[in-house]
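Coming up is one lone chain in structure tokens, specifically the form predicted on its own.
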Amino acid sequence: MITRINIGPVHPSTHGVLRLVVGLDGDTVKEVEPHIGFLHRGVEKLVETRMYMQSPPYMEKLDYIAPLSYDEAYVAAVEAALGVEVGERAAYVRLIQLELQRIASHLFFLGALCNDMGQMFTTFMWGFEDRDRVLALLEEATGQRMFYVNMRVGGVTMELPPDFSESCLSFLTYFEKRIGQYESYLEKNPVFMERMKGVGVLSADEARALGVAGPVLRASGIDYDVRAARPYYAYKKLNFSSVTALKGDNFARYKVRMLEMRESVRLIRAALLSMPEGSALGATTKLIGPAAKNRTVSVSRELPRGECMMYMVADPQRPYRLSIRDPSFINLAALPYLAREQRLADLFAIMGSLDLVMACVDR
């Protein structure tokens, strides 16, 4: 006999406001039905009433853990609509900032994952301490600590400070060793490994059928990353290589993100050392922009949680229509499949491995 219980809509392990109706047979999960919409703000509709460059602050609120990523994805769609090319130096600066944002996001994932499982608070504190170092670098580069709004058409708002390369390279040297310490600490912990290995398995066929994105997809053995499949900025020049795993379980999703942080360190270091001279500044923000050259555009970006697509129908002064394919929304749809026949206690480890942000889901 199936007993149904409510989890949420306010629960410390839901990374936002989410309600789950969970069907249980004893301690075994038989079905999960997510109920969303508690954070809905109608961002896609709001941008239709704003000039092009009035909307980046709205975009950043979609993902408060990696706000710069959504800022860049939206501005990239505006640039495609207006027919504007990003300058060479600006492309490197954007890449550096996006990869720093990816590291900050994955550190949040790591700390929250361990916290969700009710253990290893040490990892939570370590993760947030190192994330604070990354946020300090982003503050140095953008002037803001959380909501950066640093992207402008054709470039960025601020040039990198003169001593930024030195401080950033110093952090990368420290953090490269730090990743190994995280892995050594967690992967020697029998409780962590028991709750990660073989739990919440998503096969490659299931991942394709569900259309999951990002680390969730690559952890199931499917080698698809927008930065490699459709390179933008300097990813191709810096020989970016995507990271995959095979088993599709909680541990594989954790491991993909750890390896991605190593790749981000390599990319940032290479970009700092090979960044061309010139100006990275974008166009001055104007409420009324030039007439759109492309009526319909679609832009894909690899955000920390997976592929984000911005589909825009452009008018001369503002978007006529904007549709966002968000990776958290897609990955949440996989939860009922991942949680089936798992223990109730493992439901939160599975959710943590998906790295959901409900503000994105409910946009």
Partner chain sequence: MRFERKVLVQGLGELKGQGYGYLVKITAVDYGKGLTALYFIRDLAGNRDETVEVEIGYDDAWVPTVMDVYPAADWYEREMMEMFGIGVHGRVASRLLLEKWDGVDPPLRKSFQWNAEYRTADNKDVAAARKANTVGAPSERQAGRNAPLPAASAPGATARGPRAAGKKGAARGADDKSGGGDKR
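What you are looking at is a predicted structure, and each value in this text was computed from that prediction instead of being measured. Numbering follows the first chain given and starts at 1.
Keep in mind the form predicted in complex with the partner chain is missing from the figure; the text below concerns it.
Taking the partner from elsewhere, no residue among 80, 82 and 90 has a non-hydrogen atom within 4.5 angstroms of the partner chain in the model of the complex. In short, of 104-112, 210-218, 272-280, 240-248 it is 210-218 that has heavy atoms within 4.5 Å of the partner chain in the model of the complex. With the partner omitted here, the residue from 54, 49, 317, 28 that has a non-hydrogen atom within 4.5 angstroms of the partner chain in the model of the complex is 49. When the partner chain is considered in the model of the complex, residue 137 lies well away from it, no heavy atom lying within 4.5 Å. At the 4.5 Å threshold, heavy atoms of residue 222 reach the partner chain in the model of the complex. Interface residue remark: residue 146 is not counted as part of the site for the partner chain in the model of the complex, having no heavy atom within 4.5 Å.
The closest non-hydrogen atom of residue 236 lies beyond 4.5 Å of the partner chain in the model of the complex. Within 4.5 angstroms of the partner chain in the model of the complex, the stretch 320-359 places a non-hydrogen atom from each of 320, 321, 323, 324, 325, 329, 330, 332, 333, taken in sequence order.
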